[in-house]
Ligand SMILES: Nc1ncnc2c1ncn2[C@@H]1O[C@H](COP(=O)(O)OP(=O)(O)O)[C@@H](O)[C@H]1O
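Given next, in structure tokens, is a single chain: the form predicted alone.
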């Protein structure tokens, strides 16, 4: 557990970086520090490993004031991941990862064996062990940085905007990797970002800092989105916070419709009759394995050649799907908004169609959540 007790950082020129911070980071959880530039989030993180020395108050780890520990020894006991990975350019991937174990006195074979183990853990190929940082992509370098921080199995992991320098696709992949690792390792993670979406996705708790280094709100992601403490927090988390909040409600409770889902061999006349009877403007066409093929507009079914099957029609794309068992209401809403039919296609873990949800039905579910 990490505890800030009235922690403060005042620079000689009068700049207040952190002002009277009281906060407890729970063991085994991911706590995200988020806020605009100049709000003290990075300074607060660096107080933990004494890269920044507090000028007031105290920072404690498991009840012990960090000022009672040697700074170098303290830093070797805490994992640290920064933007751009900060790798040694003249060392191979394996030796970069083995850095801290070697500093702690491990023999070289043991340290390298640990490095190889961690490469697999963070999703790097064994063939990359002998490469140098410049031979890796930005995302691969960040994975090496995470592996290096984990090498000595530290209980605490500090991450200072580690994914901000990579493109959005790689960033999402690295976030997924961190969530997977944390589910297995249960480290005490302090993660700094300026991105509220990243904070909501990764954090068990989020600390929102306001300019001047004061803590504005410290809460769970769901509570932060549901009840911002003041106008600053509300503005920072965004006025679309209601949509973000849908990430915390599972899609599995949605009522899916199967009556407008037809196999590609179904006669057009049969699908047209069902669509007319139900007043449905679209039907979803699937193949023999119930994999989605596309949407057929009801007004075109009546104009199709006699005896034609649905699979012979020019279908509208079905958009992207949502996993009924694993995704959230936000994913379902996103799928519905982007669908040319205004309907979301729900699938099982194998990608087979479980049913569809209309905007009206989705709206009813969203309304119940809002209440």
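Positions refer to the first chain, counted from 1. In this text, the rigid core denotes the largest set of C-alpha atoms whose superposition between the two forms falls within 1.5 Å. Remember, predicted model here, so these are calculated numbers, not experimental data.
Just so it is clear, the following notes concern the form predicted together with the named molecule, a form of the same protein that is not shown.
Q: Would the named molecule be touched by all three of 17, 38 and 43 in the model of the complex, meaning a heavy atom each within 4.5 Å?
A: The answer is yes: all three residues contact the partner (heavy atom, 4.5 Å cut-off).
Q: Does residue 360 reach the named molecule in the model of the complex if we count a contact as any heavy atom within 4.5 Å?
A: Contact with the named molecule, no.
Q: Contact between residue 13 and the named molecule in the model of the complex at 4.5 Å, heavy atoms?
A: Within the cut-off, so yes.
Q: Can you say which of 319-327, 301-309, 57-65, 30-38 gets within 4.5 Å of the named molecule in the model of the complex, counting heavy atoms only?
A: Only one stretch passes the 4.5 Å heavy-atom test: 30-38.
Q: With both forms fit on the core, has residue 340 moved 2 Å or more by CA between this form and the one not shown?
A: Yes; residue 340 is a residue whose C-alpha shifts (by 2 Å or more) between this form and the one not shown when the cores are overlaid.
Q: Would you tell me if residue 359 moves between this form and the one not shown by 2 Å or more at its C-alpha, with the rigid core held superposed?
A: Where the cores coincide, residue 359 still shows a C-alpha shift between this form and the one not shown that is 2 Å or more.
Q: Comparing against this form, do residue 175 and residue 338 have their CA atoms pulled together or pushed apart in the model of the complex? The difference is 3 Å or more.
A: Closer together, by at least 3 Å.
Q: Your call: residue 339 and residue 175 CA atoms, closer or farther in the model of the complex versus the shown structure, by 3 Å or more?
A: Closer in the model of the complex, by 3 Å or more.
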